[in-house]
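Here you get one chain, nothing else, as structure tokens; it is the form predicted on its own.
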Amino acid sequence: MSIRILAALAIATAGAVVSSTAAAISPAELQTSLAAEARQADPAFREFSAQRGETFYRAKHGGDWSCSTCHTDNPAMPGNHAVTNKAVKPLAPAANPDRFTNPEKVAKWFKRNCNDVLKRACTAQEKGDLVAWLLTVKP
């Protein structure tokens, strides 16, 4: 495994904070680390599903919010935070090439957003399914 994949895996599995000089990763490398985490949690895990990812993105999870509440129904478009009205850049990597490339930011935003929307941490499979779908979204 490359250093970048190992760094992403460390963040995904342990919630560790990597120094600000951490090397950029690709969404595919993030998927690799999330797959390893998903297999560790469930040995029967086989692959991520873009269909499950889209369903997860659009579903309200026990409250009034879904991912689309702030990221819009079209994640290739900019949105606004539902409470602060702060601008949110597009979530889809095709519309925002910086998405899912910084392990620190990925860990920070999954932690914060999953807690806001689900009131718990997202599983590796949920994260991987979501990223799998977002990789199919075109501007």
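Everything quoted here is computed from the prediction, not taken from an experiment. Heads up: residue numbers just count along the shown sequence, starting at 1.
From this point on, the text means the form predicted in complex with a small molecule, which you will not see here.
Engineer: Quick one: Q31, A38 and A50 and the small molecule in the model of the complex, is every residue within 4.5 Å by at least one heavy atom?
Structural biologist: Result no, not one residue of the spot touches the small molecule.
Engineer: Is it the case that F45, even though its partner is missing from this view, gets within 4.5 Å of the small molecule in the model of the complex, heavy atoms only?
Structural biologist: Judged by the heavy-atom cut-off of 4.5 Å, F45 is well away from the small molecule in the model of the complex.
Engineer: Does any heavy atom of L118 come within 4.5 Å of a heavy atom of the small molecule in the model of the complex?
Structural biologist: Because a heavy atom of L118 falls inside 4.5 Å of the small molecule in the model of the complex, the answer is yes.
Engineer: Look up in the model of the complex whether V88 has a non-hydrogen atom within 4.5 angstroms of the small molecule, and give yes or no.
Structural biologist: Residue-level check for V88: yes, a contact with the small molecule.
Engineer: If we define contact as a non-hydrogen atom of the residue within 4.5 angstroms of the partner, is T55 a contact of the small molecule in the model of the complex?
Structural biologist: Close contact is absent here: in the model of the complex, T55 is far from the small molecule, nothing within 4.5 Å, heavy atoms only.
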